[in-house]
Ligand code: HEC
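What follows is one chain in structure tokens, specifically the form predicted on its own.
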Amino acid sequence: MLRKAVYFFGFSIFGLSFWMCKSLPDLNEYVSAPIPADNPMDSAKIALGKALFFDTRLSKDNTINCASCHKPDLAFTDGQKKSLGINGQKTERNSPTLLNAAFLPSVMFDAHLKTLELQVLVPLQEPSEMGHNMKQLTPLLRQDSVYQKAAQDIYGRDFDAWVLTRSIAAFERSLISMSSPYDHFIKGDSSALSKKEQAGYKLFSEKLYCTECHAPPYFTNHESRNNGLYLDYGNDKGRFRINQDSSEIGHFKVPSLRNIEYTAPYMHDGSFASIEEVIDHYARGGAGHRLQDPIIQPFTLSENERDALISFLYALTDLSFVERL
């Protein structure tokens, strides 16, 4: 049964200095994350990135910000099949969660960009998303005395694309969510998962072999695979568009299942509205695309087994990051 807790976020920016005074995550949390040598974690940098993340000036018409598609109360997704960019345009794909982005070896559904710093540039300049031009945006933000001072204090340079991308990426890396009931159970708290949730975990890992693609602790293998979503992938052929390699048609990066309770709709195009629909898809054995991953095979579950599986998936919910925003 869906947990009844609902989280609301009131957010307003009263100046960057306010956010620098707010409590930020313990930087020790990032020890195990692969932090780039050219962008070490720093509290002031995270605060600057946070302010930029919620600043609508990053969009060409000042109507949307990063949080428009990555809402904190939806585990940094937006609840839409496809997000809305400037001028009411629909984006090409569903917005994935940013939680635990610090651990990603590659980003985007095509799994082709190697850093969050590079990823920041995509929505900022994509015409159907924020639609801006970095040559116009950075001088505009440099005129903000608070941003300009922060750039000088943190980076020793004027506000520019380097400052913008490194700061937002640092904020995104601060969004750690690794304290779910499952995590407490694995760490030795036998009471953290109910008997039903434990039964669901056994189904997930042993009967259905979901861990082949959704491997703990991040519940993704970070790979791009064809999950048989369609028999014909139409205009969006996934990773194929990056390399024009026909063997990669229908390949999309395997998403994390953490906080899946809050990240519907699912799949790269938001085509499934519920976890039940996702399970139905895999139970059918996929649509049978010629490049579909062979691990996807039909299966059957009793009602009790299905209920247990969903209960376990909800046990991957951890919104403790809320307290740090």
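Owing to the predicted nature of the structure, the values given are computational and were not obtained by experimental measurement. Sequential numbering from 1, following the sequence displayed.
This next part talks about the form predicted in complex with heme C, which is not shown.
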For a quick test of understanding: in the predicted complex, does each of 176, 192 and 314 have a heavy atom within 4.5 Å of heme C?
no
Stretch in contact in the predicted complex with heme C, which is absent here, among 126-134, 151-159, 178-186, 194-202 (heavy atoms within 4.5 Å)
126-134
Of the options 249, 141, 74, 116, which one has a non-hydrogen atom that comes within 4.5 Å of heme C in the predicted complex?
116
Interface membership of residue 70, heme C in the predicted complex, 4.5 Å heavy atom rule:
yes
Taking heavy atoms and a 4.5 Å cut-off, does residue 107 contact heme C in the predicted complex?
yes
Taking heavy atoms and a 4.5 Å cut-off, does residue 35 contact heme C in the predicted complex?
no
4.5 Å heavy atom contact, residue 241 to heme C in the predicted complex:
yes
Under the 4.5 Å heavy atom criterion, name the residues of 142-170 that approach heme C in the predicted complex, in sequence order.
168
